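This text opens with one protein chain seen in two forms, each one given by itself as structure tokens under the names structure 1 and structure 2.
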Structure 1
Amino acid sequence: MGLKKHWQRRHVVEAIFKYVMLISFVLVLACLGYILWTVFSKGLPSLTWAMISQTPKGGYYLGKEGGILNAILGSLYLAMGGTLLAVLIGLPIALYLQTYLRKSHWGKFIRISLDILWGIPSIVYGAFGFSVMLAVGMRSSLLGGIIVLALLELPIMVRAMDEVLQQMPKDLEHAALAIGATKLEVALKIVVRQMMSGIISAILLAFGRGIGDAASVLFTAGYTDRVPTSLTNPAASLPLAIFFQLSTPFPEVQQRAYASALVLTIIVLAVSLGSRWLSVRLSKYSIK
């Protein structure tokens, strides 16, 4: 009799959690759908070719001619530069964690530190970067924004790569070590190739985080109506362009803000879908 009650209780608890998870899924999906509907319905009517192919003209924020090409290219420059710098630093860290530290005390300490850095608000990264730039006499520039975005993306990228590398089949590593390969050779020639799809997904995840951030580049990259031609020039970004356009009292300019948000959303969606496509395609060449 006791076993029967215990069995019934377990099934009741399972059913409750099943419905809670289903409701949570529906709520998240509904929020995502509402956000996308708002951006597309308000932004699509204002989105024109001139808006994405021109830089702001005189009086653009007063409702006159021009576009957001400076912000589109600026965001791409910042995010691609920051992601590249984060990869150059983050991939060796992730490989070192997985190859040499694994579950050691130092490995756990580094992972906890990265988790803490992941949770720090982006405005703190921006304030830190700005204070360092003032100390060294550096002006707001594309380079400053790239460095701060790299710092912002680094913990996200390393932790994502670390979780991916932990899925590496141990038999492959053991087989390579058994025939005389060093740990470094195994990491570079086997682990990276085997887990390439997951590594690329981690990189694109960090890229999506970087291109949508405004607080970290507000003081470090600055803002300009021109397309940056060197690393020392200030650079505009789409999140800041959206903020500045929404801050104006002109309804026409506010509608352009939704069009800018639509462009940013399309870029992020393209990156997400590209990540999924690459993961599926590259996983075909992985040994299960």
Structure 2
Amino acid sequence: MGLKKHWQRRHVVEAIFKYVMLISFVLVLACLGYILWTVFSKGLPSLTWAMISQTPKGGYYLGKEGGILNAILGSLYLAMGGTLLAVLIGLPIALYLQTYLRKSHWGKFIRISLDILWGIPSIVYGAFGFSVMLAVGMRSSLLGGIIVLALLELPIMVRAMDEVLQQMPKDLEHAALAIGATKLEVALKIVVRQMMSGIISAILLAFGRGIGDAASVLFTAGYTDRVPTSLTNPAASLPLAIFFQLSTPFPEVQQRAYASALVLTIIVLAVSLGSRWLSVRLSKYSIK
């Protein structure tokens, strides 16, 4: 027997499947490249300083002067408010699941219900939110949008945090418990600090989801050309700005929709890359 490989049928099959896999992989990445290229090449030519620094003037949707500052700020307010609210509810849930419930049946039950909530589409959250708002006599407003976004982001955030907190070194917890710390102290002073980088990336993940979501804020936050000044004002959002500008028949306005899509994509990319950078930065301070 020499070292020369005898080509048999199975080797041919192996080679074929290897290339099929490689092609699939490249295809998936190519889609990402194609999407980003489309958005950048369409959006860059019509992206001007005026667009991101002004609110729409009269006749903006007919192609006149103005910008989408209302939508940019509206989206940031909505997503920040929603994320803040989701952290206030979500962090205690994640900590409770991890330090108190562990793998008990009750914990399993909560986790499954979070998984199910995560699968509910945003349009259903929107319809639910709006029908509750109607029932209590609330009109489309920043507050309504923030609450619905918080509910939408909650399962995404808690699931991500839960996964991160499972990496928590058990020795560290046991050491703290052994010198007399209560579980609450372990959760707040040990787990949160040790896992800060992961918790921050979970929060940013939810923020990115929230800022890009259109269907949930469509009815609950409404749309306006002004920058919201109070929680009861309606608020514009970038995804809806893109959608509305695209549905006009004027090419100039559609160009602006592409530019708005570019702005939204840049924000989402920045959040995604920023969370990666932050998690590397912050993990320096955790005990390995």
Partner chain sequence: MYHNSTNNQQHTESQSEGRFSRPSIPSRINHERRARKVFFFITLTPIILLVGIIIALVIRTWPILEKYPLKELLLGTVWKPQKGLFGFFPFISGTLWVTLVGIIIAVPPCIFTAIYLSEYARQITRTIAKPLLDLLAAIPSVVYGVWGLVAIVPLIGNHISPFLGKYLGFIPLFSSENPTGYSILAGGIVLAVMIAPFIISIIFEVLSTVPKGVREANLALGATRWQTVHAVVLPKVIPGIGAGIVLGATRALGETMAVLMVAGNVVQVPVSIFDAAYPLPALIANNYGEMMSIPLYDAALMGAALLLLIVILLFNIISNLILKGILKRSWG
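Structure 1 provides the reference sequence; residues are numbered from 1 along it. Since the model is a prediction, treat every value here as computed from it, not as a measurement. Here, rigid core means the biggest group of C-alpha atoms that superpose within 1.5 Å across both forms.
Novice: Which number belongs to the form predicted on its own, 1 or 2?
Specialist: Number 1 is right.
Novice: Once the core is aligned, please say if the CA of Leu22 is shifted by at least 2 angstroms between structures 1 and 2.
Specialist: Comparing forms between structures 1 and 2, the Leu22 CA shifts at least 2 Å.
Novice: After a core superposition, would you say Val13 shifts its C-alpha by at least 2 Å between structures 1 and 2?
Specialist: Where the cores coincide, Val13 still shows a C-alpha shift between structures 1 and 2 that is 2 Å or more.
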